[in-house]
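Here you get one chain, nothing else, as structure tokens; it is the form predicted on its own.
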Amino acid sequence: MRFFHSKIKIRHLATAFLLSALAGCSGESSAPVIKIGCAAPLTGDQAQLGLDLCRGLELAVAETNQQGEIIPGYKLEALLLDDQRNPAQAVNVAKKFVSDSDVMAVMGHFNSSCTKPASAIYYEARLTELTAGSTNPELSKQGFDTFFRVSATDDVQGPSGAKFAAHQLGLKKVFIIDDKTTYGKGLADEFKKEALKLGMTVLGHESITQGDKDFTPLLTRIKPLAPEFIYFGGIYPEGALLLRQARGLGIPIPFIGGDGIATLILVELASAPIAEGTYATMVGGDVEKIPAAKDFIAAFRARYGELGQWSAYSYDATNILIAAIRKAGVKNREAILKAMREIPSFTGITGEVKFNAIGDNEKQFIGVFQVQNGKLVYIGPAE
């Protein structure tokens, strides 16, 4: 266990050093630039998710600059800011982006609880925001015409998880746990609604708090209820602890969760034997098997190493923003927003993206991954 903690601390220290280096270099260039911001948790227990996102953006920006100026007289620049998965810090990050006159668009945030307050800041500033990871369906119903997303929404993902459990696994009795966040509770609530429609027995629905470490009292209460599986709406740090503590109490049943646990970091934190068999629904399918993604995967691995679960989606999201900037042809937030609204559809490495009137992607697909022999393996669509 000490090995894993040390490994994570080293990763976070390396992340902090990277951010410091980026901050130190951000103001050195005197050439006119257009910046695209990346807002995500870049330190703390969700840092890997944030790095996965921002690395996809960095790669898209680097490739664009290799092709020449994005519009005459301007190069593109990535600006990475850490929202620490904290809604208050997300507002601070949004204000920093807004106050920087070179920032013409933002890719972010990851957590829905961060995107919700930040999106109001972007709306007031007429700054285009495109999220690759925030899935709460209420985000697009706020009336902000500056908001877009490429990811599927929880009212699609949650029901898909319930259908998979019922139709493909034949499971009927579930206990639901969420982490109280906008994402986690929203996903769990959507799962629950569909589970009840499908005739499942919901033995209970309890909430935990992000950052808590001891879930044994809750799991001890769950054990005598004899659920056939546990559904978790939340992120991998708490998901891994739930898995470890459930197995320690002799609860061998499957865990199913959403895209917040669809990462190998879950396997690292829980250990491969304990995580074995865990299911996670995820926006989209297996990027590794998409022919159009071959060059992206090779370029990403050459630059960063292991491909992140969200990196392809942030890469596509960034390229959509780049297309809007090119279409606008000027360094002007309102013009770029107008161009974004006029993009009929975009075909990227993850498939087609088409925005509806409220900024949601009409082409939503949910796949299922399972931990098998320490790897996250795509097993098919969630249906």
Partner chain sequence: MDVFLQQLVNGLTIGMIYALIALGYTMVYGIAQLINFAHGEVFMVGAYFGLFAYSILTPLLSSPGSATLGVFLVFLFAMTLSALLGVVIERFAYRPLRHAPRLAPLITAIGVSFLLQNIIMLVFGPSDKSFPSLIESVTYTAGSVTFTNLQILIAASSVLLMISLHVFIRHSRTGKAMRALADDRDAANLVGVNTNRIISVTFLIGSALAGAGGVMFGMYYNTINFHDGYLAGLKAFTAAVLGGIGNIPGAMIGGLLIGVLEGLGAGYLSSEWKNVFAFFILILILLFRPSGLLGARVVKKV
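Residue numbers count along the first chain shown, from 1. Predicted model, so just to flag it, every value in this text is computed and none were measured.
One more form of this protein exists, namely the form predicted in complex with its partner chain; it is left out here, but the text below deals with it.
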Heavy atom of residue 42 within 4.5 Å of its partner chain in the predicted bound form: yes
Can any non-hydrogen atom of residue 138 be found within 4.5 angstroms of its partner chain in the predicted bound form? no
Quick one: does residue 252 come within 4.5 Å of its partner chain in the predicted bound form, counting heavy atoms only? no
Since only the chain is shown here, I'm wondering whether residue 220 would be in contact with its partner chain in the predicted bound form (any heavy atom pair within 4.5 Å). yes
Pick from 125, 169, 241, 202: which has a non-hydrogen atom within 4.5 Å of its partner chain in the predicted bound form? 241
227, 284, 308, 237: which sits within 4.5 Å of its partner chain in the predicted bound form by any heavy atom? 237
Full three-residue contact with its partner chain in the predicted bound form, heavy atom 4.5 Å, for 165, 360 and 370: no
Testing 102-110, 227-235, 205-213, 153-161 against its partner chain in the predicted bound form with a 4.5 Å heavy atom criterion leaves exactly one stretch, namely 205-213
Note that its partner chain is not shown here; using its position in the predicted bound form, name the residues of 241-280 with a heavy atom within 4.5 Å of it, in sequence order. 241, 244, 245, 248, 249, 268, 269
